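Structure 1 and structure 2, given next as structure tokens, are two forms of the same protein chain, each shown alone.
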Structure 1
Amino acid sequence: MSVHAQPEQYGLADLLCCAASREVGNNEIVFAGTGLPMVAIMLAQNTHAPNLKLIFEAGTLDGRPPELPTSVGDARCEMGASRASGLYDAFSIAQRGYVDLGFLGGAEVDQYGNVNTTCIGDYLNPELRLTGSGGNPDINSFAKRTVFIMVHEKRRFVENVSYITSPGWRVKKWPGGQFVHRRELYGSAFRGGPSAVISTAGVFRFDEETGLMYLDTCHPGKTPTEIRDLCQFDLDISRVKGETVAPTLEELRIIHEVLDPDEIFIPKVKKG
């Protein structure tokens, strides 16, 4: 029987990592980027999903590194891999529809799951130029479902993103510019879409018909009303299940003793 940790035994990064890990199913093909998503997927591989197939974004397929790589381009990603290739092969596999789940990040997200990693403000004269798309739109469009991990601030959870880098459940159909459901726009290429947003405040999901975001669970110490007030849109809080499940002691052991003992991505909680 799993023993869950007490609040003083884990940090916010631990909670996000474990929440993300639980989105992964056994035998799935999962596409990972650098950072916390990489830890989350390897945690799943070491717990409930030993048969998942991990694709590192730089091109390593079915990697099983015994220790945490510092990035998707780290040579350790190749350890135990079925194939050590490059971006072309990794994204070709995604394009052919084999990827079940992609983990991504974003600077802004709106109520339909559209994500922005390009710019804040007008594209031609932005207030802030961001890092750009990278593989974000490709993974989000090709995977059967996508999980985004984000810092939660009111300026990030907006009614409409400044720029749609990765399309959500309601996107503009050109040339008319009217908003339509992702299923209609993608047609026969439709495979799925954003499944969840795991923020520093809670876990959010999307209604299958309307495409609207709703609050699924609150992180400990947060209330549904507080989280709704951290959004620029009227977040649906009527479907909240309760608190996000705390990490287990075994999950914490794996994170800090096996995967990330050097605290590259997840700091340890200081005792005392």
Structure 2
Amino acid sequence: MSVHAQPEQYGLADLLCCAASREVGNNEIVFAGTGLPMVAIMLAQNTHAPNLKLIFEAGTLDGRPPELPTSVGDARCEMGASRASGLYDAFSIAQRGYVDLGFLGGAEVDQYGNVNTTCIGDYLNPELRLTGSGGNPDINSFAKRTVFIMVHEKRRFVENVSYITSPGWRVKKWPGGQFVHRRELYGSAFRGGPSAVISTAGVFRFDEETGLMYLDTCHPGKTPTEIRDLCQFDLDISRVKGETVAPTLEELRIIHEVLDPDEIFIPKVKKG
């Protein structure tokens, strides 16, 4: 009995969080970054995927935090976890192939799903140095599927990112730097790649053979051509399935009453 909310009952962050949550299957092992991804996974854990196993990069394995941690290093991560250890464990488990799904963010994404979190502009003369990679490339290299949650602006959906921090479906082969399919480079470690980008405009997926991004669903109120115009590359809009499913009232209740009552990551929609 899932009653979907009306547009005025939820915000964009709610929609993203719920769309992201639906990418998670039950029984999956999920590796989550800080912020919205963390809320999305905890939402899945509290709805359709009670058996999902959550890994936090800092060393919490099969975590079930009763309260939303503000980051993966947070003391809130440990409570209820199967094991609290460290990064060597978390990344070893990932490289070993345990991870079904990674949840990540990014500043820029290109048509192949390559993501940049390192710098804006030329790396050697950056306009803006960002945080750097963190575990973004690692989780993305090792997981079977990866979901990115991003703000949608035309400057962020580019033909080629300034710096490939995290590998998409077609990546650079060094030393030359020519683009090749990810499969060619990763050998037996190839397990998949970015499966969805959930932006503030829509949900995007990838043709695994061409490696190219396509539009899957539009968020309510957005049209495919509008969304294509929000990309610097020629976005494939031929495979659109319709509108992104709105949050249910139950999902909204869990987000705002259970997971993030303090609006740390997801603001409440003002009534009125």
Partner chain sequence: MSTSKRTTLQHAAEIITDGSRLTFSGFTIWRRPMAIVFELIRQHRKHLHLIEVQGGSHTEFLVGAGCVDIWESCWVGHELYGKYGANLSRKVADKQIIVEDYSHAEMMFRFAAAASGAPYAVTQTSLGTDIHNPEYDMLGRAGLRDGKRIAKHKYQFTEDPFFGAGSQVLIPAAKVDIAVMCVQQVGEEGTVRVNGQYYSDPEVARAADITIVMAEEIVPEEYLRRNADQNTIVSFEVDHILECPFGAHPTGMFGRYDVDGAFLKEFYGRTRTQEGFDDFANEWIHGQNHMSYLEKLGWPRMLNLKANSAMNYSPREKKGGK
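Numbers given to residues start at 1 and step along the sequence of structure 1. From a predicted model like this one, the values you see are computed outputs, not experimental measurements. Heads up, when I say rigid core I mean the largest set of C-alphas that superpose within 1.5 Å between the two forms.
- Here the chain appears twice, and structure 2 is the form predicted together with its partner chain.
- In the core-superposed comparison between structures 1 and 2, Gly132 has its Cα shifted by less than 2 Å.
- Core-superposed comparison between structures 1 and 2: CA of Gly177 displaced by 2 Å or more.
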